[in-house]
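This document starts with one chain, in the form predicted alone, laid out as structure tokens.
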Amino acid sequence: MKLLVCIKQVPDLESRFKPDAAGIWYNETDLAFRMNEYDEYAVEQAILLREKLGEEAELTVLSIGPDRVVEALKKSLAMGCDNAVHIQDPAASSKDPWQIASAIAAYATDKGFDIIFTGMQSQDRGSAQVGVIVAELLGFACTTTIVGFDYDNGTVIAKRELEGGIKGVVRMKTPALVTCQMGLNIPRYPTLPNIMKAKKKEIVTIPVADLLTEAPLATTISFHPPAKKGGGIVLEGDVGDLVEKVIAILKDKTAVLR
């Protein structure tokens, strides 16, 4: 059985963000990068299935991006993936979801994958489109935002989180694709022995031009932070004094008490 998990390397959310000179993406100069959080759940679920199936399964991890994404691939290998594919694209951030999904589908189309795992969405672009487009291009059954997963004899049983805390259960025959979200599992930390083993695992590099022939369907024309608003007022002191201060401010700055 052949499994594929797709990951993305994204800026760490603790980084300081600012638009680049072109005004269409982040300035990456001072950013730290990490594996997309939702993709970590996808990797963990793929590894759990790989461990359940044993030697009959092979798990490949794939990522699109510049040279730095190799670090995310190495982490996935250290977690338990068998091999890795790096679709090398220094300009991946300028690609729209249609192009990213098309490149993944072009790679996967003749590989015979039975199940593909992706994150629900990326933390930088947040489109939640890539996984479902890949499924459509490959003709795979698909379900999204799963918080429970099981596999039995060619059937995927997935639990989905719906609105209002309601859960839905979906059954799909393979080949199938699922997008994963928080609550599905607890991603493991790579151990030192597995980190050392990962160094011996193969990472295949493929130029994106060998896979992508599609033009973008959407183009980013502006990328900017929200407009700055006026600062707030912090009041300190006893409750009685604070009440008087609040009333004075409301009379002076608003029409609430007029």
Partner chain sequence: MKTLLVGEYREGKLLDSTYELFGFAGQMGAETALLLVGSDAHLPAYGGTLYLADAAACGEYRPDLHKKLVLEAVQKENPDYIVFVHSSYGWDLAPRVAAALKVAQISEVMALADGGFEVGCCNAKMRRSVKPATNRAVVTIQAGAFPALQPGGSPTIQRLAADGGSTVEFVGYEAAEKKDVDLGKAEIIVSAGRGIGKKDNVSVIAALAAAFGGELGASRPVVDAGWVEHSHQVGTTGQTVSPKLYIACGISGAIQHLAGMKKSDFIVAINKDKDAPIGEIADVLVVADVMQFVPALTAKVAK
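Residue numbers count along the first chain shown, from 1. Please read these numbers as outputs of a predicted model, since none were measured by experiment. Between two forms, the rigid core is defined as the largest C-alpha subset superposing within 1.5 Å.
FYI, the form predicted in complex with its partner chain isn't displayed, but the following is about it.
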* **is_contact(Asp124, its partner chain) in the predicted bound form, heavy atom dist at most 4.5 Å** => yes
* Asked: Quick one: is Pro207 in contact with its partner chain in the predicted bound form, heavy atoms, 4.5 Å cut-off?
  -> no
* Using 4.5 Å between non-hydrogen atoms, is Gln181 touching its partner chain in the predicted bound form? -> yes
* Asked: Is Ala21 one of the residues lying within 4.5 Å of its partner chain in the predicted bound form, judged by heavy atom distances?
  -> no
* **Heavy atom contact within 4.5 Å of its partner chain in the predicted bound form, the stretch among 23-31, 197-205, 51-59, 66-74** => 23-31
* Asked: Which of the residues spanning 1-18 lie within 4.5 Å of its partner chain in the predicted bound form, based on heavy atoms?
  -> Leu13, Glu14, Ser15, Arg16, Phe17
* Asked: Does Asp12 count as moved between this form and the one not shown, where moved means a C-alpha shift of 2 angstroms or more after fitting the rigid core?
  -> no
* Against the rigid core, is the Cα displacement of Gly23 between this form and the one not shown at least 2 Å? -> no
